[in-house]
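First, one chain by itself: the form predicted alone, in structure tokens.
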Amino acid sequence: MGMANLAMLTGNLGFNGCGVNPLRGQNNVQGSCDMGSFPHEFPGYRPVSDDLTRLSFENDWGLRLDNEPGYRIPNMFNEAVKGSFKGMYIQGEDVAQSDPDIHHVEAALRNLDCLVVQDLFLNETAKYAHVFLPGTSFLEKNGTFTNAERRLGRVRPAIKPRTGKHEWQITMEIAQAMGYPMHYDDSSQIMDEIARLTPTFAGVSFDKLDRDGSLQWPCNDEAPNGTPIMHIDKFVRGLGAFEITEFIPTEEKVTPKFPLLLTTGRILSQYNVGAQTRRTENNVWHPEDILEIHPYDAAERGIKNGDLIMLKSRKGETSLHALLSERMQPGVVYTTFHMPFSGANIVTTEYSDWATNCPEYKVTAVQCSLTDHISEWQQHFLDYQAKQTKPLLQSS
């Protein structure tokens, strides 16, 4: 909102080469948000509390829909631990490795009556699943991705799904088995439903995308060829509305017990939780997560390059090898989260952004010290992994 305020204030909206362009962390994040992945919105960013919008979906689907927002992921975990949230269906996300405060996440997953995981690989979350369903890669999909400039592009399958079914077909058959007559003959019919129910996509179809190459929404009767530039001359609601965006500081503070700040992030050679890239030769460049620490902080603690150190926060602890680096400022340490064994998110906290519940991965108060052993959680990780893979080894 602050960046939108600045763009309006300086007149940098409504013409070519300007605007606010978010750099998304993964492909099709924009498309996922456009399609109502938020718990408080239908596709097209329309609130679930809007009666007319909700009625259009109810009439098309033949269902009554809730006018109250659902839970965000952290709220789901909280309610699962309490016992009031009973089931979860997770597609293509490894929350048991990627989400903060892993102790809390694991407790939530263990407390579910039914956890269904649909993915390409048996990831860390799948260890807690009651049902595992096969996923498909982008190479097997027939649909669209939408990038950060609102551009829909066709995704066409290079190969048929190795599982014999598209992911949407599996979801559809589950719905049918549960008594709801969901039916599509192919993925183009899903696009047709999106166009039918979402005004900004009213003019989009597979045929049109195949013919024109790509389209930028809104694409409808008023803009049949899409909208390359939005907010020309004015906004939909007039001249625009400035929003006060007060700075809300984190509640996480360094203390004498935890005097360092940990920030986490990615490295080029591994992708996200590494479920795909760890199975490749990329491990030559990044075989393990390491803790980067400034030489000044390392010297204070008697830490040298390659030493095994215990990283502790008020939420947990894990062991990592040290790398002395001046990339970090004194008082700040850094690690990646690509390897399950490292358990980087064992130490990250439950704090999140007040508006979106985006986890606070970048600010965790920690201490680190020399050690000669792995953490209790890491030992449990190894024991649990051996227990789960033993039947697989025996059957093979």
Partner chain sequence: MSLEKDLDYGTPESLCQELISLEIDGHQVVVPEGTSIMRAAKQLGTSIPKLCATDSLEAFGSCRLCLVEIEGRRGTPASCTTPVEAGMIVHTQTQKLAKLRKGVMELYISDHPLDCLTCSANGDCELQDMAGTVGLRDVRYGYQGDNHLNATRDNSNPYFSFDPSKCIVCSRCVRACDEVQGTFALTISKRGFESHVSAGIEDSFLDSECVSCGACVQACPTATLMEKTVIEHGVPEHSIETTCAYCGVGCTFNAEMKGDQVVRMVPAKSGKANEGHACVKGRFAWGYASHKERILKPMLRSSIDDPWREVSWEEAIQFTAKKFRELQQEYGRKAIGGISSSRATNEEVFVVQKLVRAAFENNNIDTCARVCHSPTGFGLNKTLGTSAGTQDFISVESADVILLIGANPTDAHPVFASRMKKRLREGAQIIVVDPRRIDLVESPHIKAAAHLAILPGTNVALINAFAHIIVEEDLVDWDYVNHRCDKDLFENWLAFIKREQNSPSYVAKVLGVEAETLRKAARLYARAERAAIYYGLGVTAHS
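In this text, rigid core is short for the largest set of C-alphas that superpose within 1.5 Å between two forms. Numbering follows the first chain given and starts at 1. All values derive from a computational prediction rather than experimental measurement.
Absent from the display: the form predicted in complex with its partner chain. The rest refers to it.
- Across the proposed site, Arg24, Ala126 and Lys141 without exception bring a heavy atom within 4.5 Å of its partner chain in the predicted bound form.
- Within 4.5 Å of any heavy atom of its partner chain in the predicted bound form lies no heavy atom of Glu58.
- Although the partner is absent from this view, Phe42 contacts its partner chain in the predicted bound form, with a non-hydrogen atom inside 4.5 angstroms.
- For the chain shown alone, Ala386 is not a contact residue for its partner chain in the predicted bound form, no non-hydrogen atom being within 4.5 angstroms.
- Mapping the unseen interface onto this chain, Pro287 falls outside it, with no heavy atom inside 4.5 Å of its partner chain in the predicted bound form.
- Of the listed positions (Val155, Met310, Leu324, Val81), a single one reaches within 4.5 angstroms of its partner chain by any non-hydrogen atom in the predicted bound form, namely Val155.
- Interface residue among Met191, Ala202, Ile102, Ala298 relative to its partner chain in the predicted bound form, by the heavy atom within 4.5 Å criterion: Met191.
- In the predicted bound form, its partner chain lies within 4.5 angstroms of at least one heavy atom of each of the following residues of 131-148: Val131, Phe132, Leu133, Pro134, Gly135, Thr136, Ser137, Phe138, Leu139, Glu140, Lys141, Gly143, Thr144, Phe145, Thr146, Asn147, Ala148, in sequence order.
- Relative to the superposed rigid core, Trp285 undergoes a CA displacement of at least 2 Å between the shown form and the other one.
- The Cα shift for Thr53 between the shown form and the other one, taken after rigid core superposition, is smaller than 2 angstroms.
- Comparing the forms between the shown form and the other one on their rigid core, the Cα displacement of Ser325 reaches 2 Å or more.
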